[in-house]
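Shown next as structure tokens: one chain only, the form predicted alone.
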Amino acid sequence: MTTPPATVWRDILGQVRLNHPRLARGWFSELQLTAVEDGVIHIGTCNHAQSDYLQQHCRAAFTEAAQAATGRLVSVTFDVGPAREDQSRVASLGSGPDQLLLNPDYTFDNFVTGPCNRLAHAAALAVADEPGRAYNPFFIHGPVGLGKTHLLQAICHAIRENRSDITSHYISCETFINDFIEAVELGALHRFRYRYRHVDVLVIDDIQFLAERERSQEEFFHTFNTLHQSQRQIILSADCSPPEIPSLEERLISRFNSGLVALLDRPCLETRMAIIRKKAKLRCIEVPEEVVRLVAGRIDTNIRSLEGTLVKIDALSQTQSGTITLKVALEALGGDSGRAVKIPAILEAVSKRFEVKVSDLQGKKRSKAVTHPRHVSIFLARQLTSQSLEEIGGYFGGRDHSTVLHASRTIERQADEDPQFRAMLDEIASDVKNGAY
């Protein structure tokens, strides 16, 4: 075994970052080229999450760079560093091939907090610090792309790094259902139950897919009870709150609500800007502040859209000067330059349509003649603007996020039942978006 010179490693890392910028991560600097043995270059990682990510996404890029740097037909392998090997082995006990891989980027350090997610983030930290004691069960819900999976994986990372005495199982709801079906078919329910009821932390993503699966719900009900009664941590995520999951049994809804239920809402402008800066740093991309503000102002749907836009801008810059500029960002955004909708415009439009005063929409009056158009205004604000629940509530007399959610869902249900009412909402939205107010 021979130890390669440090210059070879610098060349390999430099070529990966230059030729494959989409794969580059800030934590690549933590990697070490440990040895060359029988034509294989060994790269040491800090944990299994890093080695899994590199093996799955980066092996071809590192192999190409290694062959260019050494001038030899070598291959690359990724190994957990000796200092972390024992800890990583303990952390992986009880894991199976169907466990979801942890993304090394999804840690607490890389999670950006704001008014939209502060409660969920604080609770996740507490759960990671004291599994089974802080909040059990812990249920996170919200629309897609707002960070639910990030928080779930951050908890897993923290537990596996700091609590080597604890075994965790991180899976999707689909995996739980498929494992149960297979166990029934093979007559191996005892093995299935032992596997899921003897872990210290059970983490299931997208639990809403348990709906309309009566036998799976029955099995999960007993699994939940077994874990909860033995003070073992249960962490769940869904795209809606427990009562809103269709066809979910009342006894499961009751148990999900017995712990902490935390909402992840759309991030406000300042939080979106912080997210872009964090994502850029993770990808080793330099983004001017004017581009950060531009992207945050244009993309208000979810975090995945922000990251996708950042990747697109970086890719376009590589085909030109190699530098991200405002001009490149505008070109990458293309036609996504629509007029931003403001809540005052919505208030004015609803005020005119329902013949009520704007001051009443924002006030405390509770008559039906006022509450209904107020709910319409809140619904449209949720649909047409990037404002968070708290920010929308601020426009309507300081109402809290639960009131805003209730108003929005009330109008959504009415629109689903009444096509004429839906058409009226679409007409108001069109007028506002076209600048009529």
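Treat the numbers as computed from the prediction; the structure is a model and nothing was measured. Note that residue numbering begins at 1 and tracks the sequence as displayed.
Form predicted in complex with a small molecule: not shown, discussed below.
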Quick one: find which of 254-262, 179-187, 139-147, 208-216 has residues within 4.5 Å of the small molecule in the model of the complex by heavy atom distance. 139-147
To verify the annotation, which of these, 360, 300, 307, 331, has a non-hydrogen atom within 4.5 Å of the small molecule in the model of the complex? 307
Residue (of 111, 135, 78, 224) lying close to the small molecule in the model of the complex, criterion heavy atoms within 4.5 Å: 111
Exercise: residue 341 in contact with the small molecule in the model of the complex, heavy atom 4.5 Å: no
If you check in the model of the complex, is residue 102 within 4.5 Å of the small molecule, heavy atoms only? no
According to a 4.5 angstroms non-hydrogen atom cut-off, is residue 287 in contact with the small molecule in the model of the complex? no
Would residue 106 count as touching the small molecule in the model of the complex under a 4.5 Å heavy atom rule? yes
